[in-house]
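Form predicted on its own, single chain, as structure tokens, below.
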């Protein structure tokens, strides 16, 4: 929290627009253009643009939704290290983690909205949801989680918003709107009270984040007809994966985009790198157990699905993207270069972006193997296939959600003082 009205200006060299910024903007424009094409196709043709069918009702969009919601839960859980457990070394960056959690939550909700056949009916989950349905519970939990994030972000930034009232432009107007008539910084007693509120909200959010993202794993695990999903490990697997992928994304943002590269920033990045390495090893251990235990003796109905992942036509998604890109290369970077912000940031980029492959390998193989051996030959129709490959339009729509998320994040860092004392 900000305790002083003095806010040092960023040196001029930090305000120059670097070539990397222009490259980033150009890349975002390309992603947006491609994404708008996917959005247009989705609104015009619905689910006909996908490779989904009667036997394959879930695909890339559901996997991407799980990916985004995991990023949100992971970023939020990182913030609790500061607001609940008092980890001082990350206090400087904690407000940004709340913004990342909020933005990625909205991205997840937008992604799953596009996957719903009748998008206008999604709101019925709030007043017609079945209390015995895991999906209904997740919808209710997401609503509570969204409100908690908004309120906690406000209290975490309250003093900074008061300090920003005098800023020119839209950020100053937003600060004045959110702080009302308050013109003086919070007193020590008021700061203590609001820190207590933030701690309580963060503490409430911990079981909430565990519940809703563990609930995603439980949603799959409770489908008894799908052998590869029907395991008690899935809720834990999803929670740890969320903490890992969300922490990786947040680490990358701090390593590459924090405005002031001082000694404190360096220590923060190294702390995040150590946390990320621990989460990587734990997530890799759980993934190993998820595959190795059923495959040890090569018996059991789930062996077919796991074998498809390891040796099927898309073996490279597991061995090259997941094992290599998500775990092995980031681990080498974090171990070999533990003090290098570039290495730590690249490890975060690889683990967070490529973690989508982990979610795809959880969703698709469980549906791509028939429950009954003769089921594929029982009915003949172009939409009754067990073969699924995401269409280009499906990928374009994921890019659209990513482009929207980048805009939301950019607006958030421009209008809210999430950089703390580093930016005027």
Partner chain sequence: MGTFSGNPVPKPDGGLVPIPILPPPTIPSEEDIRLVMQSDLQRALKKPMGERQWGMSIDLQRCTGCQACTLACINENKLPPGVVYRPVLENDSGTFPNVTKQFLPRPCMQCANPPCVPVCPVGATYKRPDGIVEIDYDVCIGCRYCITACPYSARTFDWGEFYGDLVDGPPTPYEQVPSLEYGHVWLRKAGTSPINNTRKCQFCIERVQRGELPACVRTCFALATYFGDLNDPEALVNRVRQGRQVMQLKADMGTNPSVYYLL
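Numbering follows the first chain given and starts at 1. Here the structure is a predicted model, which means the values were calculated and not measured.
Beyond what is shown, the protein has a form predicted together with the partner chain; the following relates to that form.
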> Looking at the partner-bound form in the model of the complex, is residue 55 within 4.5 Å of the partner chain by any heavy atom?
Replying inline: yes
>> in the model of the complex, does residue 132 come within 4.5 Å of the partner chain, counting heavy atoms only?
In response: yes
> Do residue 373 and the partner chain share at least one heavy atom pair within 4.5 Å in the model of the complex?
Replying inline: yes
>> Is residue 379 near the partner chain? Define near as a heavy atom within 4.5 Å, in the model of the complex.
In response: yes
>> Just to confirm, with a 4.5 Å cut-off on non-hydrogen atoms, which of 34, 393, 63, 367 contacts the partner chain in the model of the complex?
In response: 367
>> Please tell me which of 232, 117, 169, 180 lies within 4.5 Å of the partner chain in the model of the complex, judged by heavy atoms.
In response: 117
> Which among 395-403, 22-30, 351-359, 41-49 is in contact with the partner chain in the model of the complex, heavy atoms within 4.5 angstroms?
Replying inline: 41-49
>> Heavy atom within 4.5 Å of the partner chain in the model of the complex: which residues of 108-128 meet that condition, in order?
In response: 115, 116, 117, 118, 121, 122, 124, 125, 128
